[in-house]
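Consider the single chain below, provided in structure tokens and representing the form predicted alone.
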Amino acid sequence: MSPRGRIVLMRAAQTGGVDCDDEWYDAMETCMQCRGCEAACPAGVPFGELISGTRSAMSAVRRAPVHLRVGLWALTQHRLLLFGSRILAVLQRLRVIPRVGFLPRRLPLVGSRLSYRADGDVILFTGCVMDVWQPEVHDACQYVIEVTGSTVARSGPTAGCCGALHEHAGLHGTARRLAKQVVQALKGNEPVLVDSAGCGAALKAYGDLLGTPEARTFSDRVRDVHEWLEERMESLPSLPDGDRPGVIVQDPCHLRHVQGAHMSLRKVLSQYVDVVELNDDGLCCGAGGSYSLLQPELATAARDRKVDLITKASGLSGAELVVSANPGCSMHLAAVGLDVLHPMQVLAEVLEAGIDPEGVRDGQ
């Protein structure tokens, strides 16, 4: 069950040295794909590439559960996802449906607007889940970007889902189809900014996934929004001295281990708030894309460890607010009652309270 053990099993399966029985599949299916081992490996073994290829081969002989396949299909149907989520939101408010762990505690009745600007200095990638379940994050992100003086276009339903969860589940054919759709929809030279760590990691890997010059050029345009803001911190206003709120930072695996953009997040946040560290070397919270649905016991155990660290950090610092730059992580942690926001929501609130609204461009 260790990274080295899984690599040995992959090699043994490839050479015929072991039967792919239930125990073998269990070893592969219980991997969170957090890529923490890859970031720590002194030899630079590309474990993410190995487990991704293995998952793809597995999907050809051992299909994913029906509920996962239906859910992943729904992510590619933007209007259906929006309509279905509105129905769930109403039922949630009427207390007709019970609390479901992977859903936000309060689904929005209205998702992100469907009228997307056609042009801008940058393109904000809106994706699927965040566009419907966390539209307030995109709004906050757009507000902060516009404070720098840049205009924002949203990718919208034409680009649609990035395919990160499909790739995670080994559905490489679907992931490639969605990647081609995104690349085709977002032609141009503008930076493509992403406020979801998982989506950002997927978009940056399109060059390898598709292997075309067009895809590589597209991936070179992709930036995590915190990376982009770090390069333009002089464009963000200095606010009057006052009480600085403390926020506990939870690093999504795909921001820290895959993109390596976690320090950019800290540099941008620390200009306005006191950053409280967990000092856990990026321990996974257990969300792991669809992992919390497929391996609930292991996902819950990982979350319990993370919550314990958050509780200790809160006790030492007095900070109660947690920030996480990935929708899966934030929903997974909020499900146990933690107060979780996206870093861009915190920045937007601080900036909105401290600057003249006339200094922000229209369209927020």
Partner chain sequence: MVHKMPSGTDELIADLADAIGAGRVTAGGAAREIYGRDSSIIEGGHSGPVCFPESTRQIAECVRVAVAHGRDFVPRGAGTGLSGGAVPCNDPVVISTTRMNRILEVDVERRIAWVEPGVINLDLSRHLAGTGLHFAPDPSSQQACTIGGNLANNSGGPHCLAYGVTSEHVAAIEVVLSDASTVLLGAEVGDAVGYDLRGAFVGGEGTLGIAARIAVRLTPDPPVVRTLLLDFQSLVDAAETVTGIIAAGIVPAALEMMDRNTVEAVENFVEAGYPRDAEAVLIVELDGLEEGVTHEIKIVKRVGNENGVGTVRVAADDVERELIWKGRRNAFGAIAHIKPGYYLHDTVVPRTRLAEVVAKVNEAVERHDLIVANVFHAGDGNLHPLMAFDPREPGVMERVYAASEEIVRIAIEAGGVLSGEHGIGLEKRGFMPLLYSPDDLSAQRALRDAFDPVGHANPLKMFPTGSSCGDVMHLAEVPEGVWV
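Positions refer to the first chain, counted from 1. Quantities reported herein were computed from a predicted structural model and do not represent experimental measurements.
The next section is about a form of this same protein that is not shown, the form predicted together with the partner chain.
Of the candidate stretches 221-229, 278-286, 245-253, 149-157, only 278-286 contains residues with a heavy atom within 4.5 Å of the partner chain in the model of the complex. Heavy atoms of Ala348 never reach within 4.5 Å of the partner chain in the model of the complex, leaving it off the interface.
Taking non-hydrogen atoms only, Cys41 approaches the partner chain to within 4.5 angstroms in the model of the complex.
Within this chain, Lys312 lines the site of the partner chain in the model of the complex, having a heavy atom no more than 4.5 Å away.
Within 4.5 Å of any heavy atom of the partner chain in the model of the complex lies no heavy atom of Gly354.
Contacts to the partner chain in the model of the complex (heavy atom within 4.5 Å) from stretch 244-269: none.
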